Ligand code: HPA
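The chain below stands alone and is given as structure tokens, in the form predicted alone.
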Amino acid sequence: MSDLGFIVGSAFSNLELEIMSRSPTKTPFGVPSSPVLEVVIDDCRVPCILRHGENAQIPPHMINYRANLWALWEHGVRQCLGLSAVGTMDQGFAPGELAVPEQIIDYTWGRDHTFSDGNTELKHVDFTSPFDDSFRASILEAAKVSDCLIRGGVYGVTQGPRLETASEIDRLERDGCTMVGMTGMPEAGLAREIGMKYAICAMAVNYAAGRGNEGASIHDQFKQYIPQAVQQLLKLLSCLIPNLYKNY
């Protein structure tokens, strides 16, 4: 076994992963989005949680991020890879490609974003670099070995569940964002607070509002580009996961 785990977003069904077991879990912060599922990738068993639930019905602002991270921690996860679908606003990051962002900007509100509830030790975690450098390096090395093109960038986290307006995307781009999603925070911050190494592998599945493929709706783009993105992701994971298990 390794200490690797996943939090998987809306593309889980497209990954077609074999589920070996389900472990229903209750935490001090409530029930996680799904049981802790043990999935198989290249003969390696990896615990994961489905961020939006097994029926993909939980909207981004109602996800119990604290319970999700806590449940994985209790199942031995110390390195967590967040798998997320994003819209791209960077000309160098095309739909169907992958990115491992270096930075994140949080535009969300009203989410439980800390384990500190007044009854536990108050932690002011250093969040200068929101993603673990060594874990990111492992992912980038696996991408190189597997000849999988992977980008960097800045992940802008919006509230959802609605998609953004073109003017909102203009604002995010002025702020320095290169991709947009709805679930990177508070997930990344909570992982840092609990002491878990965390990184995001983002799959670009559409152009952000007002960008790129003007003739196709964002939902049509998702259907068009998700197979390519999933193919790239599985190619990456097939190299990353056995290597992490070997070095554990």
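Small disclaimer: the values here were computed from a predicted structure and weren't measured. Residue indices: 1-based, along the sequence shown.
What comes next is about the form predicted together with the named molecule, which is not displayed.
Asker: Thinking of the named molecule in the model of the complex, which stretch from 121-129, 134-142, 78-86, 106-114 has heavy atoms inside 4.5 Å of it?
Answerer: Checking each option against the 4.5 Å cut-off leaves 78-86.
Asker: Check F6, V36 and G53: does every one of them have a heavy atom within 4.5 Å of the named molecule in the model of the complex?
Answerer: No.
Asker: How about F222 - does it come within 4.5 Å of the named molecule in the model of the complex, if we only consider non-hydrogen atoms?
Answerer: Answer yes; at least one heavy atom of F222 falls within 4.5 Å of the named molecule in the model of the complex.
Asker: Considering non-hydrogen atoms and a 4.5 Å limit, does the named molecule approach G189 in the model of the complex?
Answerer: So G189 does not count as contacting the named molecule.
Asker: Applying a 4.5 Å heavy atom distance criterion, does P47 contact the named molecule in the model of the complex?
Answerer: Result no; P47 lies far from the named molecule in the model of the complex.
Asker: Contact with the named molecule in the model of the complex for M182, defined as at least one heavy atom pair within 4.5 Å: yes or no?
Answerer: Yes, M182 is a contact residue.
Asker: Of 102-141, which residues get within 4.5 Å of the named molecule in the model of the complex if you count heavy atoms?
Answerer: Nothing in this stretch is in contact.
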